[in-house]
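A single chain, nothing else alongside it, follows as C-alpha cells in the form predicted on its own.
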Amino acid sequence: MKTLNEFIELFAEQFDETDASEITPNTVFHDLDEYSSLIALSIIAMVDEEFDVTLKGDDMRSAVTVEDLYNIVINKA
C-alpha cells in the first residue's frame, strides 16, 4: 500500500496549474482554485488505477483534506 506522501504526489499530478508544494496532508482540496468536477474525476480514476479502489462522488464530497481522502482510500482497500 502506498504511503500518504506517495498519495499526495499522485494527487498533485492531477493538477496542471497548482504547484505540488501547495498540496499537503492538511490541504483543503475543495478550496484550491483549480479544483473542479473534472479534477475530481481525474482523482477518482487515479485512485482506481493506483489503489484498485472505487471512489464515489460522496467520498470526494465528504473528504475535507487530502489526508481525509487518503484515509477513505486506505479504509476501502
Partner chain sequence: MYNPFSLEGKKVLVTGASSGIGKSIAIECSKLGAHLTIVGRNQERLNETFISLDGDKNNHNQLLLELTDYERLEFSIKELPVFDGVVNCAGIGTTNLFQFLTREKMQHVFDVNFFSPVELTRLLIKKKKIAKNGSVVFLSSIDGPINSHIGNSSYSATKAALAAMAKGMAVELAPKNIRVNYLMPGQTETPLIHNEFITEDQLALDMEKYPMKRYGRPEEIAYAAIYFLSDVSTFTTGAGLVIDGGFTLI
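Positions refer to the first chain, counted from 1. Model, not experiment: these values are computed from the prediction.
This protein has a second form, the form predicted in complex with its partner chain, left out of what is shown; the following refers to that one.
Asks: Is it the case in the model of the complex that N5, E22 and N71 each bring at least one heavy atom within 4.5 Å of its partner chain?
Replies: Heavy-atom distance to its partner chain in the model of the complex: none of the three under 4.5 Å.
Asks: Taking any heavy atom pair closer than or equal to 4.5 Å as contact, tell me whether M46 reaches its partner chain in the model of the complex.
Replies: The answer is yes: M46 has a heavy atom within 4.5 Å of its partner chain.
Asks: Taking its partner chain as it sits in the model of the complex, is S37 near enough to touch it, meaning that at least one heavy atom pair lies within 4.5 angstroms?
Replies: Taking the distances in the model of the complex, the answer for S37 is yes, it comes within 4.5 Å of its partner chain.
Asks: Using a 4.5 angstroms cut-off on non-hydrogen atoms, would T18 count as touching its partner chain in the model of the complex?
Replies: Looking in the model of the complex, residue contacts with its partner chain do not include T18, since no heavy atom lies within 4.5 Å.
Asks: Indicate whether its partner chain has at least one heavy atom within 4.5 Å of a heavy atom of Q14 in the model of the complex.
Replies: Result yes; Q14 sits at the interface with its partner chain in the model of the complex.
Asks: Any residue of 29 to 66 with a heavy atom within 4.5 Å of its partner chain in the model of the complex counts; write them all down in order.
Replies: Contacts from 29 to 66: S37, L38, L41, S42, I44, A45, M46, D48, E49, T54, L55, K56, G57, D58, R61.
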